[in-house]
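Here you get one chain, nothing else, as structure tokens; it is the form predicted on its own.
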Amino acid sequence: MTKTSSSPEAILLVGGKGTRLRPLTMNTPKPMVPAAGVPFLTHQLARARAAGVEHIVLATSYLAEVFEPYFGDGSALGLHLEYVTEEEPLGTGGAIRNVASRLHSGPDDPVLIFNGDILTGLDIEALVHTHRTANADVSLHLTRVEDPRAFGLVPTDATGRVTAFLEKPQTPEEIVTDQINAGAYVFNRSVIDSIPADRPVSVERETFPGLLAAGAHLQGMVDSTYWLDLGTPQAFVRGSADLVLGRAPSPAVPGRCGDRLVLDTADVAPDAKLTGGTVVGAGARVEPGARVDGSTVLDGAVVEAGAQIRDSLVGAGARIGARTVLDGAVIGDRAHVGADNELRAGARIWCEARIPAGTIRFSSDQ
């Protein structure tokens, strides 16, 4: 597939960090856990294609073997996909350098780079346009957050040019901006080729500060549309719900946006109530009187009569007993939570575990 100057190619970094769902989802990498009915990675690939990208190299590490059998050559999505697997962990910069030989770009051509753990409404074409018009070496998507203490800060001058990369602030005086690195970039191909090969490299701690010190032009584009780091199971459930609700845009959602997404062959009782972007997977069953809000019920799971589920993930083939309450819980594949239990505040139930009826209660006696 021939790349044109108006359609840059891209690198997608997947399967590295963010595997905290692993023990609860049959050891499947998080980008393959269904979000709004399809593997999360599908949303990123579809958004890139909608922005004109045609060639994407997946830089994979953790359980990389699951991606190629599912996505193949990418033709079903209108893409040309290639895969490069790290033999040893290389960090963000090392992973980018590791796939350089698969790129078709010339030295001055832009290459998009995405982090596989980020759900965003970023205007991809605007980021590429900003990079080109600023004549930058690297351009970064920046977003603003209310509390930047958990993030590295990226201050910019009046023209948007990056002036520094600051570690996580420890005191109020160190919070000089609310702008953070949002995990999407445009690199000139020549910058990718300058990253050291065959060793771990962090773009955040080594590549970007080194470029800045050498006088390179790093441009920031603040886009404060939807942005969510899917680093925890709760964030993943939230992201799936936001895709269904239409808060996070994606052309890959298999249906119209709304309060619920019920996939084919799912069985939902007429008086069951599904709200808040809930997803019910193929072959799953939600029985009479159940209430499911802002949650993901994966394929083949059963939610029995009168159960109440909120902001939770119910794994494939799991069963939630009658009148059981889940709030912010993650239930592993094929686990069975018996009737009249109450799991709250980040409870995690391992795959295939069995919780007898009336065993756990989290509510107060007040």
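Heads up: residue numbers just count along the shown sequence, starting at 1. The structure presented is a predicted model; accordingly, all values stated were derived computationally and were not measured. Only the largest set of C-alpha atoms that superpose within 1.5 Å between the two forms is called the rigid core.
The protein also exists as the form predicted together with a small molecule; that form is not presented, and the subsequent description refers to it.
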**Fill in**
Exactly one of L45, A318, A59, V330 comes within 4.5 Å of the small molecule in the model of the complex through a heavy atom, and that residue is A59
**Prompt:** With the small molecule left out of view, which of K273, R132, H104, K168 would have a heavy atom within 4.5 Å of it in the model of the complex?
**Reply:** K168
**Request:** Decide yes or no: are V53, A100 and F187 jointly within 4.5 Å of the small molecule in the model of the complex, with each residue judged by its heavy atoms?
**Result:** no
**Message:** Which is the contacting stretch out of 215 to 223, 188 to 196, 124 to 132, 83 to 91, given heavy atoms within 4.5 Å of the small molecule in the model of the complex?
**Reply:** 83 to 91
**Request:** Decide whether G116 counts as a contact residue for the small molecule in the model of the complex under a heavy atom distance cut-off of 4.5 Å.
**Result:** yes
**Request:** Classify G152 as contacting or not contacting the small molecule in the model of the complex by the rule of any non-hydrogen atom within 4.5 angstroms, answering yes or no.
**Result:** yes
**Request:** Using the partner position in the model of the complex, report whether V292 sits within 4.5 Å of the small molecule, counting heavy atoms only.
**Result:** no
**Asked** Could you tell me if W227 has a non-hydrogen atom within 4.5 Å of the small molecule in the model of the complex?
**Response** yes
**Asked** Honestly, after the rigid core fit, is R161 moving at least 2 Å at Cα between the shown form and the other one?
**Response** no
